[in-house]
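Just the one chain here, laid out as structure tokens, in the form predicted alone.
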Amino acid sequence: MSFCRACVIGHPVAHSRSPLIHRHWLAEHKIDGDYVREDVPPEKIGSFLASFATSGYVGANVTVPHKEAAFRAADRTEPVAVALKAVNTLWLEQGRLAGTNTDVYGFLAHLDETLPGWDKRTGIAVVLGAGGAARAVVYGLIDRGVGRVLVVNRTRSRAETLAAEFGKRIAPADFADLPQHLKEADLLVNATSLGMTGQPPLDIDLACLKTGAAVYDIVYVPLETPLLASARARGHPVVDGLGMLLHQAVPGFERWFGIRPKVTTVLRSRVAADLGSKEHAR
């Protein structure tokens, strides 16, 4: 294979750990290639994607705020991207732009790795948030056959919109009723940015959470969020957000460079260290 180069497109994008992840795999598999950042402001994303076929890149990841624009720009999109109306992975097919969304894959792959068989034990899930990340989470839970998914969002209308799109197994719920819903939940997922470094805290009490329920926080800065620390202290199985970041990168790398990489403890430790986090005993 001749020299190949991919990128991550966002604005801002300097914080992205995708280059660290993909360069680790490129070195591991001795591939002659590179992976860089492309900071593209919103007013230029249309022209950037329109000329992507002549950019010299074999593909790209897409992050905030361009996932919807990438969806609109792609000539072909896979079903999961159509359902989410967002693309986070692009590649070229005979000079035409193709896209998919690997957030669902990343969410489920890390959950499977951390809590094997979770889907057989989950009848009811509670998802906090109704934005793009929550859409991916809800899609994944439905795909795995979870019987009931409650979407809790500060703005109820957004939760109602999401529920209307994804069918009868999804129901909107108010934050005021969260304690009651936690009593029934087998899985709680934070799909908001609350609790992330620099963001407001996620202020919920886990005292009512069903015994044995798992808690998944897609936030990975900090790696051990206050939500996960509280859940762990109460004896609940926990799943952090870093694994989702790592696993969602796998399908794109395979598309661009022809080898399916593995998420290893070495890679995880490298990214955790770069984030300034210490690994908690898992």
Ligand code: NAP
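Residue numbers run from 1 along the displayed sequence. Here the structure is a predicted model, which is why all the values come from computation and not from measurement.
Quick note: we don't show the form predicted together with the named molecule, though the next part is all about it.
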{"item": "Any non-hydrogen atom of G241 within 4.5 angstroms of the named molecule in the predicted bound form", "value": "yes"}
{"item": "is_contact(G131, the named molecule) in the predicted bound form, heavy atom dist at most 4.5 Å", "value": "yes"}
{"item": "Contact of R121 with the named molecule in the predicted bound form (heavy atom, 4.5 Å)", "value": "no"}
{"item": "The named molecule contact at A191 in the predicted bound form, heavy atom, 4.5 Å", "value": "yes"}
{"item": "Among 25-33, 217-225, 230-238, 50-58, the region lying within 4.5 Å of the named molecule in the predicted bound form by heavy atom distance", "value": "217-225"}
{"item": "Candidate from R154, R169, K183, R144 lying within 4.5 Å of the named molecule in the predicted bound form - any heavy atom", "value": "R154"}
{"item": "Heavy atom within 4.5 Å of the named molecule in the predicted bound form - residue from R158, K85, R96, R148", "value": "R158"}
